[in-house]
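Here you get one chain, nothing else, as structure tokens; it is the form predicted on its own.
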Amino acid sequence: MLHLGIGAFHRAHQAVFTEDAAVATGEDHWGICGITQRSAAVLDQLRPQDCLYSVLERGRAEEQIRVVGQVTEVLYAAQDAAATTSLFADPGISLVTLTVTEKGYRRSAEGGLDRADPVVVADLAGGSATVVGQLVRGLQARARAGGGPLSVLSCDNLAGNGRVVEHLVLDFCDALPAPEGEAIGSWIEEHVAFPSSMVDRIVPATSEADRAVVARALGVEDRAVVVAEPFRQWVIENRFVAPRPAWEQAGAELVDDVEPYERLKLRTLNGTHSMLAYLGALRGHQTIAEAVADDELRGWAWRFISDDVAPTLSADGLDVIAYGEQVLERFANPALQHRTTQVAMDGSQKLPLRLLPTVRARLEAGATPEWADLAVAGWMAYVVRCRDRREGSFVLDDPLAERLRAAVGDRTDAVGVVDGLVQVEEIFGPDLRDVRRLRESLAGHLEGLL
């Protein structure tokens, strides 16, 4: 299998599931070739170690270390573009998986390919710098080689992530010159499946202290350590057209419809994570566990889950309250040291998936999403704090950072900040900016936070 975006999450989640499936079934042929997207750092860490690395699993009471050997090769997309493309044509590859984060797909505000993005434009002219460009150029190579069917499985926090990737890939094909685009588009529709999946495991950034713990335990230095909580979950749409690992033998759930699980996780876990990150950081809490230990913040997070999220998911038939209790218990694990500022990154990409669907659903039901609004106002206050740079630790790490600073401008009043930020259509769309009661609710919360 080929994996695009071989960061810490993939190595702590899908790679572990794949190795456990191999152990359970005796099928030892599922090696992973990982393609790092943003830098050569992962390649520099893994190659000198024969792609071996350790997972430091930290629970409240104990920690465990395991060495994972499922990754067999690592390439850097920017340096190995031709090799990446040629791998798609390898008949031994039957599966491509992705963890490239929300912003890695380079979507427009309308949900399609952002054709105004200069890197996307360069890819349409023959390049393969973007993930979607890599997929299409690779699938073209497979088609030319007469290759067989291939499954492309997204493992990113996107609702309907399989359909999102399929739409973007076919949109890329549509943007190519007609003969070229029509040919590869038709081949993809006939030979490629895009199942969706929902993934869940908390994987905080690795520190030098974590590496020192592993070095003492194993007696060797591991520069590629990943840290994770004991909990892990993977729900996969059972829609494949080519061989795959027997992940169900390692605890994954194969289902007909992933969407209810996606909504539950995005709105409950990810939404609460973002809420605690922004409000926690504003209060000076360094980690999510510290934020959950703040009784007032934990109370707000619980009201967000019980009062705003749960009513929006009642039709899915899942126990939102029990899941929410489990989520807060997991967040309270002090061993993970998941930094609030790390979770706060890329807010412009996360809010439309994690918080705003709850806001919309509650507004459509005629209710005021009091606690979801508080979470969104927390993000707005965080943007203002980053703009003012009152504290050196507050850095607006976001692909729309300049756009957000311009939207806030020199405004210092809550109403003005809300009016500026809700105009960012990539986040709030055309439907929320003129909802008066939403703006008034946001301004009320933001005034107190500022």
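Residues carry their position along the shown sequence, with the first being 1. Note that the structure is a prediction, hence the values are computed from the model and not measured.
In what follows, reference is made to the form predicted together with a small molecule, a form of this protein that is not presented.
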#### Entry: The single option of 202, 264, 258, 192 touching the small molecule in the predicted complex, heavy atom within 4.5 Å
202
### Task
Counting non-hydrogen atoms within 4.5 angstroms of the small molecule in the predicted complex, say which of 337, 206, 157, 348 makes the cut.
157
### Query
Looking in the predicted complex, any heavy atom of residue 107 within 4.5 Å of the small molecule?
no
### Task
Flag residue 137 as yes or no: does it have a non-hydrogen atom within 4.5 angstroms of any non-hydrogen atom of the small molecule in the predicted complex?
no
### Query
Is residue 342 a contact residue for the small molecule in the predicted complex, using a 4.5 Å heavy atom cut-off?
yes
### Query
Is there any non-hydrogen atom of residue 279 lying within 4.5 Å of the small molecule in the predicted complex?
no
### Task
Within 4.5 Å of the small molecule in the predicted complex, counting heavy atoms only, one of 192 to 200, 219 to 227, 161 to 169, 290 to 298 shows up; tell me which.
192 to 200
